Every structure is written in structure tokens, then in C-alpha cells.
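Shown next as C-alpha cells: one chain only, the form predicted on its own.
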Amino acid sequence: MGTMEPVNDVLQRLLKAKEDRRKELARLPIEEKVKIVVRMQHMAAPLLRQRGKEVHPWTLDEK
């Protein structure tokens, strides 16, 4: 049987990665944050429409 990393160590690594990602996102300029939100809206729209919801993702004027 192989050795397993203790659950506590795995949890610690996951929480650290989550914190690092949040800090990385916090440092982004507002324009990049808005682009991320719009991408997420477009990703979620088909799922929401399948559930019968009317959705209108934002559009960005890329210049």
C-alpha cells in the first residue's frame, strides 16, 4: 500500500493556494476584473437558460 499524505497537510496546501489566488486576483486592475466577470456571465448563461431563466450577459467594447 502506498503512503498517503496526511489530510491536514493536503488541506493546508489547498487553503494556501486559495489564499494566493485571492491575492493574485486582488492585485488585478479593475478592467481585468470586469473582463473576468463578463467571461463568467457568458459561461453561466447557457446553464441558466436551460433552467428557464432569462439572462443578459454584459458585452464589452474591446478597444
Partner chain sequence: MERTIQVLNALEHDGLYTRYAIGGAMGALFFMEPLLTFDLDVFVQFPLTAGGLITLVPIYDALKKRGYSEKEEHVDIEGTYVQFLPVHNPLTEEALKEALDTQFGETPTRVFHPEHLMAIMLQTGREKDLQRFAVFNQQVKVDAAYLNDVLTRHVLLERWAQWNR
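Nothing here was measured: the structure is a model prediction, and the numbers come from that model. Positions refer to the first chain, counted from 1.
Keep in mind that the form predicted in complex with its partner chain is missing from the display, and what follows is about it.
Contact between residue 13 and its partner chain in the predicted complex is not found at the 4.5 Å heavy atom cutoff. At the 4.5 Å threshold, heavy atoms of residue 5 stay clear of its partner chain in the predicted complex, well away from it. Not displayed here, its partner chain is approached by residue 44 to within 4.5 Å at the level of heavy atoms in the predicted complex. Although the partner is absent from this view, residue 17 stays clear of its partner chain in the predicted complex, with no non-hydrogen atom inside 4.5 angstroms.
Interface residues of 47-61, taken as those with a heavy atom within 4.5 Å of its partner chain in the predicted complex (partner not displayed): 48, 54, 55, 56, 57, 58, 59, 61, in sequence order.
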